[in-house]
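First, one chain by itself in structure tokens, the form predicted alone.
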């Protein structure tokens, strides 16, 4: 137990160091972008104004409000104290909306897209991989190259292919948006159906990539387990093959379950590319709009959420490995 506490504290220390570094980078990097976002806001508000003094007064008012006229270290401590209280400030590009409101409206779209896609891709991929290892023959010869090809495609490549085939050429699905541009969110069948239709291409662009990788991983683990000594010994004893296969695939699933947990932990950042390609109103599309509008608070908050989710997922997996993996237990004992 003493060894495990040492292992836990070591992982916790590295988690905190990484979190602090990520926090600092999330603050600094957006502010290195060229341009002045306050000037862009003032330009929108001061359209038609010919009084330079009035425009300057407006600029000064918003510079004071957002703190952009302060030294960078003062901005950092102000940002840090606000984030601790859960206050990310106002969005530059969507002022006067608070950043928390903008993210609150978009993050649920991302979760609703990514979580089902992860589960469906994991289930289908592992089923196909297990069948390929057990059935072999023509099924395996077809599945393996197809899985390698699909998993090697970049996410934006799959999204573009689906858009070109099913949206542009066949016109079965819309090319962009989370629902029809002529609709307002409401509890009506027309709105729900529009959401379902717009959901399909982003959803399957994520699922197809996940299926390929999961199938390859499950196939490899299943083949390894099927050739293990305990399987040969069990067959020698006359144990029914159905019972043996149950144990084989249960053991093969262990690393796949770890991958599933990690995917769920990182799902907020996993669908960003698909959302940008399809202009889906999730966190990825919101982040793109923030970058285009030089929206420092929105960029910092979005990337901070993604970073924290990834760090927490990795930290939890490593802590669980400390309990599960016998090799880590042995290292702790030493």
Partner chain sequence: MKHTIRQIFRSGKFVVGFSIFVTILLIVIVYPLIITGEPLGIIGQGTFFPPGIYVSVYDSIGSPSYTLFLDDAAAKRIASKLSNDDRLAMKDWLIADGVPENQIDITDTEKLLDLWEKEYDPDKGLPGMTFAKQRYYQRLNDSLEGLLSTEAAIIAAKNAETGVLEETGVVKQSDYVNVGEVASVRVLPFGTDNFGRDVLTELVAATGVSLQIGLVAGLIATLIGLTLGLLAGYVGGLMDDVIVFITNLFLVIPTFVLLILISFSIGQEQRGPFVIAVVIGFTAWPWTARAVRAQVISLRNRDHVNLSKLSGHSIAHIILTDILPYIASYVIMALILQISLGILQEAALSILGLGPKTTEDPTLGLMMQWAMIYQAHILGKWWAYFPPLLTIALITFSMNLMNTGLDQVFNPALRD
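Numbering follows the first chain given and starts at 1. It should be emphasised that the depicted structure is a prediction, and the values quoted were computed from it without experimental measurement. Each form is matched to the other, and the largest set of C-alpha atoms that superpose within 1.5 Å is called the rigid core.
What follows is about the form predicted together with its partner chain, which we do not show.
By the criterion of a heavy atom within 4.5 Å, residue 9 is excluded from the residues contacting its partner chain in the predicted bound form. Heavy atoms of residue 320 never reach within 4.5 Å of its partner chain in the predicted bound form, leaving it off the interface. In the predicted bound form, its partner chain sits beyond 4.5 Å of every heavy atom of residue 189. Its partner chain in the predicted bound form comes within 4.5 Å of no heavy atom belonging to residue 87.
The stretch that touches its partner chain in the predicted bound form, counting heavy atoms within 4.5 Å, is 215 to 223, out of 200 to 208, 98 to 106, 215 to 223, 122 to 130.
Exactly one listed residue, out of 168, 196, 184, 135, brings a non-hydrogen atom to within 4.5 Å of its partner chain in the predicted bound form: 168. This chain is displayed alone, yet in the predicted bound form one of 175, 75, 94, 82 has a heavy atom within 4.5 Å of its partner chain; that residue is 175. Core-aligned CA deviation for residue 288 between this form and the one not shown: less than 2 Å. Fitting the two forms on the rigid core leaves the C-alpha of residue 249 displaced by under 2 angstroms between this form and the one not shown.
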